[in-house]
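As structure tokens, the next two blocks hold two forms of the same chain, structure 1 and structure 2.
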Structure 1
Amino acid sequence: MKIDNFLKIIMSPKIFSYTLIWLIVLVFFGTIAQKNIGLYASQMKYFSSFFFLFLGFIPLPGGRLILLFMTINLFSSLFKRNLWQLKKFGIIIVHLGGLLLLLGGGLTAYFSSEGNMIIAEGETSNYVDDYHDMELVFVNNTFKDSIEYTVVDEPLLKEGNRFNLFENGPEIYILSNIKNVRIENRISPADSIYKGLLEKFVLLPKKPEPENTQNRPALIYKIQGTSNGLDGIYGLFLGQGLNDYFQLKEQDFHSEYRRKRTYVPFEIELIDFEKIMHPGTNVAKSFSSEVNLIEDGIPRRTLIKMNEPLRHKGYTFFQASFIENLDKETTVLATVKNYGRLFPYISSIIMSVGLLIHLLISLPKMIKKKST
């Protein structure tokens, strides 16, 4: 009996109305918040979360929970007995389409990844830079024919974290993880514990920009147990030109702080980047990258244009941006792997078919009403 009542509530269209009201409130305030905290932070806080804290201490349901609830409500409402009538056939189909759209959204939320592939003209790349996550990398330069990377992922790089780089290897102690850094000259000579960049400069946090891509993150860490006595405190920031060199396990290493890389099972070579402007203006008319898609050493030539991406092996490459240097141009290809990609396409077709059927079913009724 109790379960029956519970089911009744879950599948009730009234519940749907109330969840809609909350979603409207959420979307409204989540959008307003973007002006202050930026698109990404607001998306994380309000839409991609199950709960968020209002005023810092009141937990309220976030977008994911609401959409999950809506999906359950929509799904269970399909079991209502009085729904399954021929005259409601179109309506059933429309709601199935909506359900599919929500399911696709869930799939995308959990199983998609995105980032940038940045390639200069004439160069080749096989990895994607994450938009948000960083990684600390120790590069082993000892071997002539190969490079060995030891990668520390973002979750380990929290302030106060300690870990060993290899088994019984040197210990890393994260002193500070800075979202957006300001680099300043040291006024007085540094303590001898500061090494590398930090001998001459200090890394200070500054207010993060709303758009995450405009931030320059940095990391300050302490390393102990190097074999050439270079233990000390080091600083690293994104895009740093000079590297710090260590000897670890009697081998030569240097460290880098970079955007998290994901490797793709093929390579892309940029042959030529082209930008066409509306004549006599600074307004771009089109961007395009002529690339070689290299797989098993065999190149295939293809053109990536605005609104015309390259799709290969589940990855999609979009012409997103470019960097203009004096000597050569660099293309920025937004790269996405998304298993839920086709859902919106399918569900919109299903929903339009459903509406069409509903229209055809109710048309005779409407005409009859008019003639009486």
Structure 2
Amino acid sequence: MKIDNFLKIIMSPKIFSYTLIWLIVLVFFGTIAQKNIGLYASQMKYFSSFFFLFLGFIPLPGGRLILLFMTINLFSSLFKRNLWQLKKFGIIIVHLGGLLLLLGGGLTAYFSSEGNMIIAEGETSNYVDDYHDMELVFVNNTFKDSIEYTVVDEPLLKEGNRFNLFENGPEIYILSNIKNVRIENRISPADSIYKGLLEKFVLLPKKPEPENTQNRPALIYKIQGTSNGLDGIYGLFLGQGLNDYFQLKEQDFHSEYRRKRTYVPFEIELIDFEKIMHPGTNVAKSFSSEVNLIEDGIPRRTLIKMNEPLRHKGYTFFQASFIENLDKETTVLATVKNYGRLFPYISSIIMSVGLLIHLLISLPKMIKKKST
């Protein structure tokens, strides 16, 4: 009896209505919060979480938990005995379309990625820089004909973490992970434990910007187990021009702190970047990139324009921005890999067909009622 009552509650249309109302509330407060905490932080707090803390201590359901309830409710409603009738065939199709839409949203939330591909004229790129996640990279410069990378992902870069670069290799101890940094010259000589950049500069935290992409992250770490007495405390920040060099296992390395890279199974070469300015201003009216899409050594020339992206192997490249240098122009392509990209289109068609079938089935009854 208790199980039957529980199932009735799960299948109740009221659950769907309540979750829909709560989603509207989340959209309202999440939109307002963007002004103070930024778009990304607001998205993570209200929409990409299972719960969040209101006023710092009251847990409230987040977007993912609400959508999970909505999916369970919609799926369980298909098991209602009175639903599986010919006259409700259109409603069943609408339910299936809604489930497909929610499934596509789940795939997008958990597996999709987005970032920037930055290419200067005449150069080629095969990787995408993540908007938010960072990585610590140790580059082996010992070999003349190749470069070897040892990459440490963001989850290992939390303050207080310890790990070894390779088996029985040097130990890395993360002292500080700074979300937004200011760089100042040292007033007095540094202690001998500070190496590289930190011999002349100090990395200090400052208030993060609302938009995460406007911050300059930095990392301070201690390394033990190098050769030639290069153990000590090192500092890195995003966009650092001069690298710190040291020896690990009698091999020459340097370190980088950069945005997480995702490599794509092809290359894009920027042939020409063109922009059109508004007359009498320095504001770009439109801009486009003529590129070579190189796969298996075979180039295919194409044009990426505003609102006319390039789509290939699940990746979509949008013309987002550009960087002007003295010697060459650089394009910035917003890159998205969305596994659920087609789900909204397919589910919309399915739900439209379901509504049309339901209307056609109900039409004779409606005409009969009107005639009487």
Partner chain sequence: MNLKRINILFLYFGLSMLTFFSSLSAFEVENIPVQSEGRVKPLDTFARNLLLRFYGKREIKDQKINATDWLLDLILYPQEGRQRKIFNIRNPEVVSSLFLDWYTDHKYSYNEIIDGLSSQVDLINTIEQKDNSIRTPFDKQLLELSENALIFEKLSYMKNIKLIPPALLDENAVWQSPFDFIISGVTPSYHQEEILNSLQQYLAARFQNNDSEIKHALSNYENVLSGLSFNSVNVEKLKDETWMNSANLFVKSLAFYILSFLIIGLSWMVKPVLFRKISYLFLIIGFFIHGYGILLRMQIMGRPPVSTLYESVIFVSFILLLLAVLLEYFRKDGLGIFVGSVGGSILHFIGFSYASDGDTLGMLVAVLDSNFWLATHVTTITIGYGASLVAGFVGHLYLVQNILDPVNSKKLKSIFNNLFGITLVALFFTLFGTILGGIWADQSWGRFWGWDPKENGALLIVLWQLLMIHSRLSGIARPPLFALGMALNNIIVALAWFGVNLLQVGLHSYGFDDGVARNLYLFISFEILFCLGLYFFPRLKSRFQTI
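Under this definition, the rigid core comprises the largest set of C-alpha atoms superposing within 1.5 Å between the forms. Predicted model only: the values in this text are computed from it and were never measured. Each residue is numbered by where it sits in the sequence of structure 1, with counting from 1.
A.B. asks: Determine, for this pair of isolated chain forms, which one is the form predicted on its own.
C.D. replies: The chain shown as structure 2 is the form predicted on its own.
A.B. asks: Taking the rigid core as the reference frame, tell me whether residue 338 has a CA displacement of 2 angstroms or more between the two structures.
C.D. replies: Comparing forms between the two structures, the residue 338 CA shifts below 2 Å.
A.B. asks: Against the rigid core, is the Cα displacement of residue 127 between the two structures at least 2 Å?
C.D. replies: Result for residue 127: no, shift under 2 Å.
A.B. asks: Align on the rigid core first; then say whether the Cα of residue 239 has moved by at least 2 Å between the two structures.
C.D. replies: After core superposition, the C-alpha of residue 239 moves less than 2 Å between the two structures.
A.B. asks: How much does the C-alpha of residue 80 shift between the two structures, in angstrom, given a rigid core superposition?
C.D. replies: A shift of 4.6 Å at the C-alpha.
A.B. asks: May I ask for the C-alpha shift of residue 350 between the two structures, in Å, based on superposition of the rigid core?
C.D. replies: In the core superposition between the two structures, the C-alpha of residue 350 moves 3.8 Å.
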